[in-house]
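So this first bit is one chain, no partners, the form predicted alone, shown in structure tokens.
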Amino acid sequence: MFEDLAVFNRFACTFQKEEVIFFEHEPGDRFYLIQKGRVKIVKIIGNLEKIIDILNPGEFFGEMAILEEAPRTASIIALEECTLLEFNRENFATLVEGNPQIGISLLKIFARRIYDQKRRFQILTLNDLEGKVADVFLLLSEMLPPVDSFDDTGERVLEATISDIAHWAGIPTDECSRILHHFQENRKIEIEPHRIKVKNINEMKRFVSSKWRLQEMKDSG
């Protein structure tokens, strides 16, 4: 699909390593497709700067500027020299009119990305570290194909490493490793080299819900 976007190379722009593409909270009126290079999504949580995600060629960011008039929800910084296609509402309309199939595919990507970003931000606002890790399990489980309810044992195999879990939870890798091994010692999960097997995802849902309830009680008290 993205090869068809070569006709829009006139909208290309270049950013150097560590250059800020846009800041959190500033108004936005355009979104970007990465042609070359990588960028990081950064958000301030409390007084700390958290890396939410790293995006690669073929991925989008800033799409909320097209879908609704809202301030940027995070900052975007180039990890290396990047070439981006920059779209505003006007040339996005031209893109969709010229190739409706691309437009439909982009809107599906936007919908999924919006949900994923909201879930990741939600995880970062949970104070309990074990709850953060368990909520990452839930997020990754939501990305798996649906399971037939009649055959569902609650077991989920997540294609993720300890470093991946730490990244999505926004915590140090060594702290994440300690939490994961604690879960394993209690037979909640099994850690394998490139994946993690959650024994009962429904139990994890109850665990995360209890952490949210506890946090809400503390906040309201």
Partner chain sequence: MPPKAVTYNSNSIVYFKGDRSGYVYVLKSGQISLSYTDLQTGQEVHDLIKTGEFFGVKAALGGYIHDETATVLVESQVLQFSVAEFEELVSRNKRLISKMLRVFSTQLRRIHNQVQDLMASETSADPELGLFEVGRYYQKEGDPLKARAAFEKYLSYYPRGTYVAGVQKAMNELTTSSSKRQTALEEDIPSLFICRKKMDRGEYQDAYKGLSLLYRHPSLTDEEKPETEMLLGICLFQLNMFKDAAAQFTSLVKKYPRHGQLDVICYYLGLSYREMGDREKALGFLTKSVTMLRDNQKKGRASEILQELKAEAHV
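Just so we're on the same page, rigid core means the largest C-alpha set that superposes within 1.5 Å between forms. Residue numbers count along the first chain shown, from 1. Model, not experiment: these values are computed from the prediction.
Another form exists, predicted in complex with the partner chain; not displayed. Remarks below refer to it.
- Although the partner chain is omitted here, in the predicted complex all of 110, 171 and 175 have a heavy atom within 4.5 Å of it.
- Of the listed positions (64, 55, 160, 180), a single one reaches within 4.5 angstroms of the partner chain by any non-hydrogen atom in the predicted complex, namely 64.
- Taking non-hydrogen atoms only, residue 85 never approaches the partner chain to within 4.5 angstroms in the predicted complex.
- The partner chain is not shown here, and in the predicted complex it never comes within 4.5 Å of any heavy atom of residue 89.
- In the predicted complex, the partner chain stays beyond 4.5 Å of every heavy atom belonging to residue 79.
- In the predicted complex, residue 154 stays away from the partner chain, with no heavy atom inside 4.5 Å.
- Residues of 12-34 that come within 4.5 Å of the partner chain in the predicted complex, judged by any heavy atom, are 18, 20, 21, 22, 23, 24, 25, 26, 27 in sequence order.
- Core-superposed comparison between the shown form and the other one: the C-alpha position of residue 53 differs by no less than 2 Å.
- Comparing the forms between the shown form and the other one, the C-alpha position of residue 167 differs by less than 2 angstroms, with the core used for superposition.
- Relative to the superposed rigid core, the position of the CA of residue 16 differs between the shown form and the other one by 2 Å or more.
- Put simply, residue 79 and residue 193 come closer in the predicted complex: their C-alpha atoms are 3 Å or more nearer than in the form shown.
- A shift of at least 3 angstroms pushes the Cα atoms of residue 124 and residue 28 further from each other in the predicted complex than in the displayed structure.
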